[in-house]
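First, one chain by itself: the form predicted alone, in structure tokens.
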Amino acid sequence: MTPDGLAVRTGAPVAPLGRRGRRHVDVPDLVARARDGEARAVARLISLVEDASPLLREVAAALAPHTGRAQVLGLTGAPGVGKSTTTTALVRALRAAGRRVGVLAVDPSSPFSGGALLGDRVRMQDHAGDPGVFIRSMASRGHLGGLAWATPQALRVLDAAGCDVVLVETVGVGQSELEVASLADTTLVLVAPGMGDGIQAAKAGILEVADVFVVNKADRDGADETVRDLRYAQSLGGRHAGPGAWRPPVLRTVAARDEGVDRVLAEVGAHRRWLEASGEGARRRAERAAREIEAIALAGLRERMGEVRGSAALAALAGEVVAGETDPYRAADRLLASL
């Protein structure tokens, strides 16, 4: 392994600390090796994040000075539109331009076993052996919004490891799973002909979060109608209609043949320049940090709430509510104050 890149071969996940037994982890050394491009170190850091290791706070503190440099591209869309194929084509084009690339591909978890196929790793074997690419499949583990709960911190790992661009590919999302837009600098919404009315595929929020529309599989019948529907929907107004606002382009691709991919990257570059010139990029990153802090705080609160479940204090408050001595809102306020 050379220190100037990352490898796609991530190896087996690290045994989570606190679940399969503790073992010593030298976090500063692990971060240093990840910054040198050592794939095993990057994979191990992401495993610590996914497993909610007791070392997670130390990992976050060690990564913080080295983050904030990577460009984050989110890819979302309904199942079957070709997200993995498009991701593979984008990686190929970015590597041809000399960029170091990370990919976080989220796969849905089984509601029965909790497992995930992690098929994106299988579909992206074109990049196996490329030291400038790191691909990590992540199970959603029941988290809604199209991402895994650990995606933001895993993104920080790849950022600190020197990736110029990180592609975040969501699970096949519906019309309300839009979390990727709060994580990415530029969000690509993929639509394919033959999957129903183009507006139906992009309504209820999806239309609003797109920075770039990609009509993939554009060699199929119905591509012209899909493009026309999307452009008509844009003409109806929305957040992109204001003065100086970014108007998402509607592009055609056939990702399986690398057709149209260079145009997509050109528009991504144009959007990045607009983000910098308008100040929207700084606003998005600040909002992203605020959401991350809020999520961590809420997780801590839920953990502490779990400690009071079944406690004498909660039982006493419940008794007062039943007796009519107080109401649930005041009882909840008192419980929160006790935390």
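Keep in mind that what you see is a predicted model, and the values were worked out from it rather than measured. Residue numbers here begin at 1 and follow the sequence given.
Below: the form predicted together with another copy of the chain, not depicted.
With the partner removed from view, the residue among 83, 156, 136, 217 that has a non-hydrogen atom within 4.5 Å of another copy of the chain in the predicted bound form turns out to be 156. Under a 4.5 angstroms non-hydrogen atom cutoff, another copy of the chain in the predicted bound form lacks residue 273 among its neighbouring residues. Another copy of the chain is not drawn, but in the predicted bound form it has a heavy atom within 4.5 Å of residue 56. Contact between residue 292 and another copy of the chain in the predicted bound form is found at the 4.5 Å heavy atom cutoff. Contact check for residue 60: a non-hydrogen atom falls within 4.5 Å of another copy of the chain in the predicted bound form. Remark: all three candidate residues (309, 328 and 333) come within 4.5 Å of another copy of the chain in the predicted bound form, counting heavy atoms only. Scanning 275 to 302 for heavy atoms within 4.5 Å of another copy of the chain in the predicted bound form gives 285, 286, 289, 290, 292, 293, 294, 296, 297, 298, 301, 302 in sequence order. Relative to this form, the distance between the C-alpha atoms of residue 333 and residue 287 is increased by at least 3 angstroms in the predicted bound form.
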